[in-house]
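One chain follows as structure tokens, the form predicted on its own.
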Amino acid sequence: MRPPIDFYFDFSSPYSYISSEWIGAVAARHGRTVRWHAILLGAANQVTGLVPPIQVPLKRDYLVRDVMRSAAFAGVPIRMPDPFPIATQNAARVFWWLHDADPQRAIAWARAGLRAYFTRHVNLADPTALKALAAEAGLEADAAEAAWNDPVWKARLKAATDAAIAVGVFGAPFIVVDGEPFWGNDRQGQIESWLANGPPRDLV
């Protein structure tokens, strides 16, 4: 069996949302599965010293335009949320709570959370809204709330983020295929080529 693709994402990243809508199909076309990893970009930014583009006036308008253009190009519905960005640690803790029992349920939750925030403006940072989304997604809302407040799942998310940084993840989406890192939603073509043909000759 060919190794899975690792997909690192942040619930507040619009490019993570767009790529989450195509990564599964790309993997399946090449006989691969996908391992999803919820991380916190803020922690990676602290290590790299990077400032989110949305916080840089010269980049802000371009970022919003590029997100909308990229989503349209991918055929993915989007409404740029307000507020943006938001704190996503609670949604990510729920992801890991689900993941360690059933990774497929965690993936379903990730998709639900990303779609809710980027198409319906569901504020994942608002505990009331997050509980309602958990119930809508078929989870036991009180159990989900208990999980995101539980030190066990706080530590699990921190460990997952630290592990991602340790293997070189500095942004989202970050996709690793056979040990080769690809940063950004706009790397789909390169990922497809790698999966179909292996590494370019110059990299062998």
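Note that the rigid core is defined as the largest set of C-alphas that superpose within 1.5 Å between two forms. For clarity, every value in this text was computed on a predicted model and none was experimentally measured. Numbering starts at 1 and follows the sequence shown.
Separately, the form predicted together with another copy of the chain exists; it is not shown, and the next lines address it.
Asks: Name the stretch: of 59 to 67, 139 to 147, 24 to 32, 155 to 163, exactly one has residues whose heavy atoms fall within 4.5 Å of another copy of the chain in the model of the complex.
Replies: One stretch meets the cut-off, namely 59 to 67.
Asks: Please tell me whether any heavy atom belonging to T48 falls inside 4.5 Å of a heavy atom of another copy of the chain, as the geometry stands in the model of the complex.
Replies: Within the cut-off, so yes.
Asks: According to a 4.5 angstroms non-hydrogen atom cut-off, is W36 in contact with another copy of the chain in the model of the complex?
Replies: No, W36 sits far enough from another copy of the chain in the model of the complex that none of its heavy atoms falls within 4.5 Å.
Asks: Contact between A72 and another copy of the chain in the model of the complex at 4.5 Å, heavy atoms?
Replies: Yes, A72 lies within 4.5 Å of another copy of the chain in the model of the complex.
Asks: When the contact criterion is heavy atoms within 4.5 Å, does P3 count as touching another copy of the chain in the model of the complex?
Replies: No - in the model of the complex, heavy atoms of P3 and another copy of the chain never come within 4.5 Å of each other.
Asks: Taking heavy atoms and a 4.5 Å limit, what residues of 95 to 118 are near another copy of the chain in the model of the complex?
Replies: The stretch does not touch the partner at all.
Asks: Using a rigid core alignment, state whether the CA of N149 is displaced by 2 Å or more between the shown form and the other one.
Replies: Where the cores coincide, N149 shows only a C-alpha shift between the shown form and the other one that is less than 2 Å.
Asks: With both forms fitted on the core, give yes or no for whether the Cα of Q55 moves by 2 angstroms or more between the shown form and the other one.
Replies: After core superposition, the C-alpha of Q55 moves 2 Å or more between the shown form and the other one.
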